[in-house]
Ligand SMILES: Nc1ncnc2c1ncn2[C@@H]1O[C@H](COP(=O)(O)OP(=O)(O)O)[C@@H](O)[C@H]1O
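One chain comes next, on its own, written as C-alpha cells: the form predicted on its own.
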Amino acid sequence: MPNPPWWVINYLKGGSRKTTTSIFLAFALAASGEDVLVVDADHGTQGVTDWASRVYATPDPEGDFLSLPFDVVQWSPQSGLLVPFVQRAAKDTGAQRVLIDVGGEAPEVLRQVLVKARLLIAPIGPEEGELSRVPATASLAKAARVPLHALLTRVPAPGKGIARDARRYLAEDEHLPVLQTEIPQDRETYAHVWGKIPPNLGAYAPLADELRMWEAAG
C-alpha cells in the first residue's frame, strides 16, 4: 500500500495508557485482517519495544516461541527524522495502516509526525490531573490540522460518574470530539497482559471499528 494512513497515539502526559492503546489497537486491527505497523516513537520509555520483545522471548506450552500478528519498529532521534523513517518502514513491511506511539513528554516528536497523520488519538483518564493537559495536546493538533479524538481510559464505570463528567468537560469546555467507546478500569484485561498476547481485546475491538468509521467520514 503506497500511502497507508497513520494513526498517532499521544497525549502530552506520561502514564495515560498510550502504549496499551497502541498495542491493543494493533491486535484488534490485525484480527480484522489488516497489515499493521506499530512504530515505537517513545524513545524515552520504549514501551512498545519492551512489550514486543517480551512476547518474542516467551515460549508457548509446546516450547515454540510466540510472535506478533503485526510489525514493530523502534525509532530514536539517532535514526534521523521521524517522517521519512516511518515512510521507509511502512514501505518495507507493506503495512496497510501505521500506528505511532509518541512519548507523553515529547511535543517536538509529536509536531514531526502530525505532518502526515490521519488521526490523533489521545488516551485520557477522567481525573483532573489528566484533563488539565488537554489544551497542550489540542493546540498541536489544531496547528497541524489533524483531527484529535479523545479516548476516555481507566474509567470506573463507562458512561457514568466521573466518566460522564469528563466527557461533558471535553466536549463542552474543550470542544473536542470524544470517542463513544470508553476503556474501563479493568486490570485483569488491560493491566496484567504487558508483554503478552492478550486473550481478550475488550473494548479495543469496537474502538478499532469506531476509529475506522471516523477515518472514512473524514
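Quick note: we count residues from 1 along the sequence shown, nothing fancier. Fair warning: this is a prediction, and the values are worked out from it, not measured in the lab.
This protein has a second form, the form predicted together with this ligand, left out of what is shown; the following refers to that one.
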Taking the shortest heavy atom distance, is D165 within 4.5 Å of this ligand in the predicted bound form? no
Considering non-hydrogen atoms and a 4.5 Å limit, does this ligand approach V36 in the predicted bound form? no
Taking the shortest heavy atom distance, is Y190 within 4.5 Å of this ligand in the predicted bound form? yes
Answer for P206 alone: is it within 4.5 Å of this ligand in the predicted bound form, judged on heavy atom distances? no
Within 4.5 Å, heavy atoms only, one stretch in 182 to 190, 169 to 177, 25 to 33, 156 to 164 touches this ligand in the predicted bound form. Which? 182 to 190
Note that this ligand is not shown here; using its position in the predicted bound form, name the residues of 15 to 29 with a heavy atom within 4.5 Å of it, in sequence order. G15, S16, R17, K18, T19, T20
